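Heads up, the chain below is alone and in the form predicted on its own; it's given as structure tokens.
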């Protein structure tokens, strides 16, 4: 179960707005987070707290396919992003690092900045605790849910290889 305060954005938030190109020579998540969203929300890094949630309208993560964008968001403490739609490459990059994304137009339309949301990823359930409203997003297929639960593709693969090694030793 995820729970956090909403930071709300509009349409076409591109990867250059999420982490400006001038910081792409940085790959350390802790350094990336210092510049997350700074070109569209100068105070984001001061406001964001662990567990917070980004809500946006359409085409979130459009632009170049840089992996730095979802990594900066996750490193900043954001637990989930909800939007009407995502750029496909951003969606995949986020899932690969274990950052959950949900598409739910109704939740976006009925959620404002500062609202508190509670999210059950396994069922795709979104509750706006501030407005006492509930919404349903399409839950993840089992494989994607496993990737997210493991913390991303690399951790999923590490755990799977370790499990296979352990089984072959038994």
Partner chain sequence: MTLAEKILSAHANQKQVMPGEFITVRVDLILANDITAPIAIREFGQLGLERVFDPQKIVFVPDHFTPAKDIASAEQVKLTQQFAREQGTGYFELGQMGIEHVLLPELGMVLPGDVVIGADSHTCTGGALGAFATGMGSTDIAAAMATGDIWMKVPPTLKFVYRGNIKKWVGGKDLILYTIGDIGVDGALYSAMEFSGPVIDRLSMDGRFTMANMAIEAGAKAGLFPVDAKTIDYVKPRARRAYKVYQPDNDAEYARVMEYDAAKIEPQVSLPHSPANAKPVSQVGDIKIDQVLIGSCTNGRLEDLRIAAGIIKGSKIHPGIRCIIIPGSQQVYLDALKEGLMEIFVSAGAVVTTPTCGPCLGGHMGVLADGECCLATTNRNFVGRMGSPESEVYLANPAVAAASAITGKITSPEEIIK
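Worth saying up front: this structure is predicted, and the values here are computed from it rather than measured. Numbering follows the first chain given and starts at 1.
There is also a form predicted in complex with the partner chain; it is not shown, and the following applies to it.
The contact with the partner chain in the predicted complex, taken as any heavy atom within 4.5 Å, belongs to 65 out of 134, 122, 138, 65.
A heavy atom within 4.5 Å of the partner chain in the predicted complex is found for exactly one of 41, 118, 103, 115: 103. Contact check for residue 14: a heavy atom falls within 4.5 Å of the partner chain in the predicted complex.
The partner chain in the predicted complex comes within 4.5 Å of no heavy atom belonging to residue 130. For the chain shown alone, residue 96 is a contact residue for the partner chain in the predicted complex, at least one non-hydrogen atom being within 4.5 angstroms. Remark: residue 26 counts among the residues lining the partner chain in the predicted complex, judged by a heavy atom distance of 4.5 Å or less. Between 43 to 51, 106 to 114, 122 to 130, 57 to 65, the stretch whose residues reach within 4.5 angstroms of the partner chain in the predicted complex through a non-hydrogen atom is 57 to 65. Along 73 to 108, a non-hydrogen atom within 4.5 Å of the partner chain in the predicted complex is carried by 85, 86, 87, 88, 89, 91, 92, 93, 96, 97, 103, in order along the sequence.
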